[in-house]
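Below you'll find only one chain, the form predicted alone, shown as structure tokens.
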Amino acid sequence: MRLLTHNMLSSNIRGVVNGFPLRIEVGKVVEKNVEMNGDFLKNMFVKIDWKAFVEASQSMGYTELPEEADLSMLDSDEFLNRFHHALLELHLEEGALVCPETGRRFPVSKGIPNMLLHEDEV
């Protein structure tokens, strides 16, 4: 599961008010090379919750992102390379996503998060 995906997931358990961001419990992280596309990164930047993104990348062992970022940083190749790496090349292969409100763990296996709810959570 890429951090791009993580940044768009939230806990939909009935009654949960604050289901984002899901905390990442890392079992295994892999890096997969992906061709850089600057236009894609620039379009995605405005859709990313930066604080959640930085926390998620740090939980996966990547600490090269600044705590805060703005549109002007997209002119820097160094920033784009770091953003690209964290967003698209880091993959949570095994682990779990944890609801910040309830503590409910959603397993991630073979890079696929299982966000299915139990009957009593719907």
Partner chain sequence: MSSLCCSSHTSLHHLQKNLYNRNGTITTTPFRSTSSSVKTTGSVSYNRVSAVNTREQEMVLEAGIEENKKKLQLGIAEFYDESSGIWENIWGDHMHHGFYDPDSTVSVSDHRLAQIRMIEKSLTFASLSEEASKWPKSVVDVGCGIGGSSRYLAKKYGASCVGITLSPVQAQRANALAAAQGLADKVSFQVADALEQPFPDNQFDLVWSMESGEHMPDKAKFVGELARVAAPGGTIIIVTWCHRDLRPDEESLQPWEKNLLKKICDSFYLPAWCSTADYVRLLETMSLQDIKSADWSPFVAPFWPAVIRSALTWKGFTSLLRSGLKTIKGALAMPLMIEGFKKGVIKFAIITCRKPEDVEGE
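Residue numbers count along the first chain shown, from 1. All values derive from a computational prediction rather than experimental measurement.
Below, we refer to the form predicted in complex with the partner chain, which is not included among the displayed structures.
- Heavy atoms of L65 never reach within 4.5 Å of the partner chain in the predicted complex, leaving it off the interface.
- In the predicted complex, the partner chain lies farther than 4.5 Å from every heavy atom of M73.
- Heavy atoms of V54 never reach within 4.5 Å of the partner chain in the predicted complex, leaving it off the interface.
- The partner chain is not drawn, but in the predicted complex it has no heavy atom within 4.5 Å of A96.
- Within 4.5 Å of the partner chain in the predicted complex, a heavy atom is found for not a single one of V30, S59 and R105.
- With contact defined as any non-hydrogen atom lying within 4.5 angstroms of the partner chain in the predicted complex, the contacting residues in 105-122 are K110, I112, P113, N114, M115, L116, L117, E119, V122, given in sequence order.
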